[in-house]
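For reference, the chain that follows is the form predicted alone, supplied as structure tokens.
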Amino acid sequence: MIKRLRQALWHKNFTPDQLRRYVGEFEQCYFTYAADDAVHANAASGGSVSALLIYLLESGQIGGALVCRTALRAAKPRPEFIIARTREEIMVAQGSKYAAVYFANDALPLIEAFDGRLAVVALPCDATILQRARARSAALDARIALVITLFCGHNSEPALTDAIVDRLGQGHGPLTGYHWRIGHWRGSLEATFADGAQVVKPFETFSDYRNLYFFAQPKCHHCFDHFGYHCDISAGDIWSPRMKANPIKHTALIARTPAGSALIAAALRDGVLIGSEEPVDEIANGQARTAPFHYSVNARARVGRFLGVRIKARNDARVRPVDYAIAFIALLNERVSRTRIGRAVILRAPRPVIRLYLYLLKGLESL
């Protein structure tokens, strides 16, 4: 009974039209992980992206890879774009960074200044910025060997990370190291402080607030590209009961171009990746709650009118009554978290209350 209920909540029978809309055009889909234990050990989801970048770099197909590492600024963790030229630099950039990035200002200048072939790892919205820049410059276009996008439901303002770091660091002094998420399945948050203390908490310590859209970036309400349409390969987590039981976390890979397909096939053939081809609905069901709502920008556009948020309806998605309820919660929570009083209430609320609120939202998303 419980197994059937869990299957009903997690598994959705997406129609071919829904899959085309949510996932976009593609050639093949895979579940993979890095064959090198050192690569997948500290990765957010299987280490496949890191393994592919190292493979491209060490085989001479690229001279560098645009990646995002964690930097400390005034003892606060912030994402920072770099051009990685070595295996070690790619490894340092492993793991998810759940904080705002500014691709046009910080990443594009690095790409334009790089002399050589380059792979780029970016969020879907940033891959769109890169695509437009490539259309304007043949020289820039020729420089890009491969683009990998990361699945993204939305991103968060740095204020959320700072609040969690302040809470974890009470009595420990300045922060000296930080991982938003490492480890299997949901993973763990890890913070290291100047006194040598290492604080490890379940990732939900951070993600409960994030998944409720508290401190969400306002621009994310306007986006409907969950899987990353403008790339060679899309990569992300697989949140499904089937993969939870697997002792090694895998990466979902969507090959969208001949170059993407050829790279994954070569990496599997040469033992860089371990995995198998999977049907596209397995990819979609690994993101079954968040992807449909993310695509439903029209629901947010209509609800936004009542909350003073101007969002443009941008696709032909059919809007269900439950989509309006989810959109109202997401937009309201984001707006409340931007006020001084709202922020205080959110961060002081008992964790069980936050969890209960999250279960309500997840229940709506599962319908």
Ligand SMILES: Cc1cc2nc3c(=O)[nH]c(=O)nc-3n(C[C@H](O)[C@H](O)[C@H](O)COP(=O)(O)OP(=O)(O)OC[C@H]3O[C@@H](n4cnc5c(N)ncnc54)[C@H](O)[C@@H]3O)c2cc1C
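In this text, all values refer to a predicted model and were calculated from it rather than measured experimentally. Counting begins at 1, following the sequence as shown.
The form predicted in complex with the ligand is left out here; the points below concern that form.
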note = As a check of understanding, the residue in 150, 147, 130, 263 with any heavy atom within 4.5 Å of the ligand in the predicted complex should be identified as 150
task = Could you tell me which one of 121, 231, 297, 267 places a heavy atom within 4.5 Å of the ligand in the predicted complex?
result = 121
request  = Determine which one of 46-54, 332-340, 305-313, 319-327 lies within 4.5 Å of the ligand in the predicted complex, judging by heavy atom distances; exactly one does.
outcome  = 46-54
Contact test, all of 78, 174 and 189, partner the ligand in the predicted complex, heavy atom 4.5 Å = no
key: residue 143, heavy atom within 4.5 angstroms of the ligand in the predicted complex   = no
ask   = Would residue 237 sit within 4.5 Å of the ligand in the predicted complex, counting heavy atoms only?
value = yes
query = Within a 4.5 Å heavy atom cut-off, is residue 210 in contact with the ligand in the predicted complex?
reply = yes
message = I'd like to check something about residue 181: if you look in the predicted complex, is any of its heavy atoms closer than or equal to 4.5 Å to a heavy atom of the ligand?
response = yes
task = Residue by residue through 68-107, tell me which have a non-hydrogen atom within 4.5 angstroms of the ligand in the predicted complex.
result = 68, 81, 93, 94, 95, 96, 97, 98, 101
